[in-house]
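In the block that follows, a single chain appears as structure tokens, in the form predicted on its own.
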């Protein structure tokens, strides 16, 4: 078992299983920076995964399928924004309603087009292939870890750079952050908070769609009912642990991906399936608890410092 953990294949698996988490974390980060906690990332991933598979199956056109999957993601993001921002509905209730609707809708649509409620295996869909990196692929061990991943995986890591540049080096990113921090102040200088939040949610849907299509058109070439398995919510947790920093969110995603890879190794070595399947979610909960405790400790330290300074001022 130890050799399994120290193998190039294990580290390759970490990167592979972290891919949808990185996309979900970037989706959550952009939305949260805009002042909206997007809890529909998982359902958006699911809808885009199904859309990409069905379009590719019936058109046999991969670029068109990816485009349609991305459009579905953007539409899902704006759809949530319309109800929450424009219609002023409760954010949590809106998210729960969309998530509940999507889980049933994907089964209904899948059955309508394939005649199967469990998977799309009855139709032949297309998939994005694996990419070898020149030069690196020939380096022992390193090439086995980094090269040969699915195209979506490399896009995931590029999305981290894109998100950082968007948020901290572009006027649009500045507007998104300004609206998220204080929408009233942003409005007072001529910005339209509703418009900016919708744009942030559109970006969130875009990255969610990439994560969903990776699962049905990259890691696998078939759609399976509820195949996201809560990865969208784990991405939200990774964003929170990364403190709104794209690099931090990526590292948190890799941490959760490591938990998944460990679960895979344990499952191969005949550990109880129920215990193994719970590992990624237990790690997610533990990560959130540790993060929350750390943030609370920082908050308490600031309060104590402020009280101490006030007492010194009164004494003076």
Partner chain sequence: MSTAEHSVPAIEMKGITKIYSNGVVANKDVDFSVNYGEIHAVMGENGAGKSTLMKMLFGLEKMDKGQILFEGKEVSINSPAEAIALKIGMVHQEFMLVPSLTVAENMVLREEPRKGIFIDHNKAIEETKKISEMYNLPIDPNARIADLAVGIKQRVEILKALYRGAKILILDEPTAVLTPQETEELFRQLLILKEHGHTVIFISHKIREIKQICDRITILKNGRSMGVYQVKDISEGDISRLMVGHEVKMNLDKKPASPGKTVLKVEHLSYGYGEGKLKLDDVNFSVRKGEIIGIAGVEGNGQRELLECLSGLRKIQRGKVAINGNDVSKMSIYDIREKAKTAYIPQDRLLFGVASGATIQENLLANRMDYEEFSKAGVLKEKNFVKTAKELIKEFTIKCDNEKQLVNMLSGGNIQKVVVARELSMPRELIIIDQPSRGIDIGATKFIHQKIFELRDAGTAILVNSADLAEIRELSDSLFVMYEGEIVAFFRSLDGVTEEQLGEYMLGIKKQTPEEIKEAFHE
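All values derive from a computational prediction rather than experimental measurement. Numbering follows the first chain given and starts at 1.
Just so it is clear, the following notes concern the form predicted in complex with its partner chain, a form of the same protein that is not shown.
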Using 4.5 Å between non-hydrogen atoms, is residue 190 touching its partner chain in the model of the complex? yes
Give a yes or no for residue 101: in the model of the complex, does one of its heavy atoms lie within 4.5 Å of a heavy atom belonging to its partner chain? no
Look up in the model of the complex whether residue 181 has a non-hydrogen atom within 4.5 angstroms of its partner chain, and give yes or no. yes
Can any non-hydrogen atom of residue 174 be found within 4.5 angstroms of its partner chain in the model of the complex? yes
Which pick from 136, 185, 97, 91 sits with a heavy atom within 4.5 Å of its partner chain in the model of the complex? 185
State the residue from 157, 131, 82, 168 whose non-hydrogen atoms include one within 4.5 Å of its partner chain in the model of the complex. 168
Which of 136-144, 190-198, 72-80, 219-227 lines the interface with its partner chain in the model of the complex (heavy atom within 4.5 Å): 190-198
Taking heavy atoms and a 4.5 Å limit, what residues of 26-43 are near its partner chain in the model of the complex? none
